[in-house]
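Structure 1 and structure 2, given next as structure tokens, are two forms of the same protein chain, each shown alone.
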Structure 1
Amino acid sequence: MIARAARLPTRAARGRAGGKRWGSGWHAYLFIAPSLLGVLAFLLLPMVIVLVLSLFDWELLSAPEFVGLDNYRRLAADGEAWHSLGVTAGYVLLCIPLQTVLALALAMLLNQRIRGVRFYRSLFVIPWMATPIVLGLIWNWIFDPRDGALNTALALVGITGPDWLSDADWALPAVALVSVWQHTGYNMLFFLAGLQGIPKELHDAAATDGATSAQRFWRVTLPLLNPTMFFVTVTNLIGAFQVFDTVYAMTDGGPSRSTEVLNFRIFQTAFKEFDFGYAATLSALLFAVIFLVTLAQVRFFGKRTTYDLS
């Protein structure tokens, strides 16, 4: 009993130990405080403000007037808003699959031992570093129906190119193509990191068992890339749903509203029609769509993703 009592810490000793742990914990809080304040000030607080503002009718120069759910009732019957959401969905479907496949293909190509591979990796990332407005101006010239580089190149092989940005059938695919060109190299870096994190022994074992290159890709490489695929698709979808700069620089929502994505519609409503309450309601709609799509991705990839290769 005496030996057992000697091993038990006294209440004072436990208090000193607990105080030491609590004191050391405050150092961690000090380090994360700037990031936490940034999240609160630039993410959570604006979200709350938008949700509150969606309950008001506010034209900036007049005092806000509380209207309750009237803005949401207006949204339910607003064909223009749902049209813009449909355009946004079409843009996402044009961008995400193509740029994901191209990024993965580039990563697999540049994961080989080829001469100048570091130069090529840097080269493909350069478009992502340029601002969307500048890229929009450059691609406006490329898509010019008379003197543009694209139609000039097509004319050399006997093809008459369309009026890309003035044709309602071609404008949205043209804008989506610019986004794919800009972001493919950036996404390639993540896939490249994922590929280099796969142990070589797994491919060697599969090859020893007689698996072909295609079988090794589908049964070894792709399943082990699920964490990378999850990150790339989630971040790309969120970015694609919020597209604005490229549309603003290239088409200004036209022609015939064929490229009027929801974010552009929010901009028009707030800063041209000065209907900030309804613009906040449209923003809430966009947030809800992004949240639901992201939640679906989390549930889809959560059952198929492992982070432990040991």
Structure 2
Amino acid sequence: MIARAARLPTRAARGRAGGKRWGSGWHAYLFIAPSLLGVLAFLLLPMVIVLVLSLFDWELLSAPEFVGLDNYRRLAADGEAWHSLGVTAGYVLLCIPLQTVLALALAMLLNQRIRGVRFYRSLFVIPWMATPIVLGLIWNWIFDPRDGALNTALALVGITGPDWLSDADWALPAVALVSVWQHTGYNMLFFLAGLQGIPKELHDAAATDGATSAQRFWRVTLPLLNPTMFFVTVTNLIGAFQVFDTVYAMTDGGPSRSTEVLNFRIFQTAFKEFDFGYAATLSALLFAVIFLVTLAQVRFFGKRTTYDLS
């Protein structure tokens, strides 16, 4: 490895980087060809079909019928759908900031020389490794207002816990909490890998210049983690906007529709109400929202300067 590193580019060679368009041309397409085939046939085509289906009335078990923009007119007047979008936004706000910050903090902690660091890393990732359907059952036990572990623990310190999943104010935070629990360690993995890629010398240099550890975090670590942060926030937001499993296992959208996120509504519409055309319309709405949120992130991260190592 080190021998190979010795043959790596000199500073002079790197200076010319980006000047010439190395690798332009057909062989780039060869590299993406296999994935392109898969994406086109198995991901993009189904997605396009779903978007097209939003113009149809289709009860799944009978033939689809073209209805133009009818479904969209219905959507405009559908209070339930907009309520669901609001719930989804609330869910995203509850879990994304928390799980991102926690994951980063955890990664920084576990990026140090600590006894048993691998052991800890493994423990933190277990929530994401375990079979999801089983965990839904377990969390329902934990949230039981009377005999559940959570309220039993709270009672020990003199707090009377809420009714969690039966309380319209607490059900959504409870579901979000499970997501944070499940994804913090998982996201930690990406930050860990990102942190490992930051040359130690940069930290050392900053320290020599008298930067405090807070300054080093904001001026060195965070900017250099930008590519990782971008990936984590974009994919986490895409995932959080489509939350379904935990809601299905824990609340069925209740109580009083306080956890009825959009993807749950979509599933109900498609497979319980057999109204696939309208479910496709709701999916188009969800797609549009996620698309805009992603676009905003592309803008945001694009503006921020990254350290160019060259």
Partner chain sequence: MFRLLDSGAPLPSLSPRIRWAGALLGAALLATGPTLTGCSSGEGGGADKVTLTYRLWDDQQKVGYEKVMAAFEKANPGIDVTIELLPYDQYWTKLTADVVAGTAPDVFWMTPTQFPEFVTKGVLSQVQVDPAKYHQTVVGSFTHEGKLYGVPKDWGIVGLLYNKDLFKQAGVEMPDKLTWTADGTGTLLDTARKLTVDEAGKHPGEPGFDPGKVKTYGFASWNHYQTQWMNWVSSNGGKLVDKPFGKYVFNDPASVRALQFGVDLVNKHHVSPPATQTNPPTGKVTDMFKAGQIAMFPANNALLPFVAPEATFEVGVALMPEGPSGRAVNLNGLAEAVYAKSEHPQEAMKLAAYLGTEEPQKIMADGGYAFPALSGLSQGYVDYWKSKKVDVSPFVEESEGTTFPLPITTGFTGFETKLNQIFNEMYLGKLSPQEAADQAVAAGNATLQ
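Remember, predicted model here, so these are calculated numbers, not experimental data. In this text, rigid core is short for the largest set of C-alphas that superpose within 1.5 Å between two forms. Counting starts at 1 with the first residue of structure 1 and goes up one by one along its sequence.
Each structure shows the same chain on its own, and structure 1 is the form predicted on its own.
Once the rigid core is used as the reference frame, the Cα position of A63 differs between structure 1 and structure 2 by 2 Å or more. Residue displacement note: S35 has its CA displaced by at least 2 Å between structure 1 and structure 2 (rigid core superposed).
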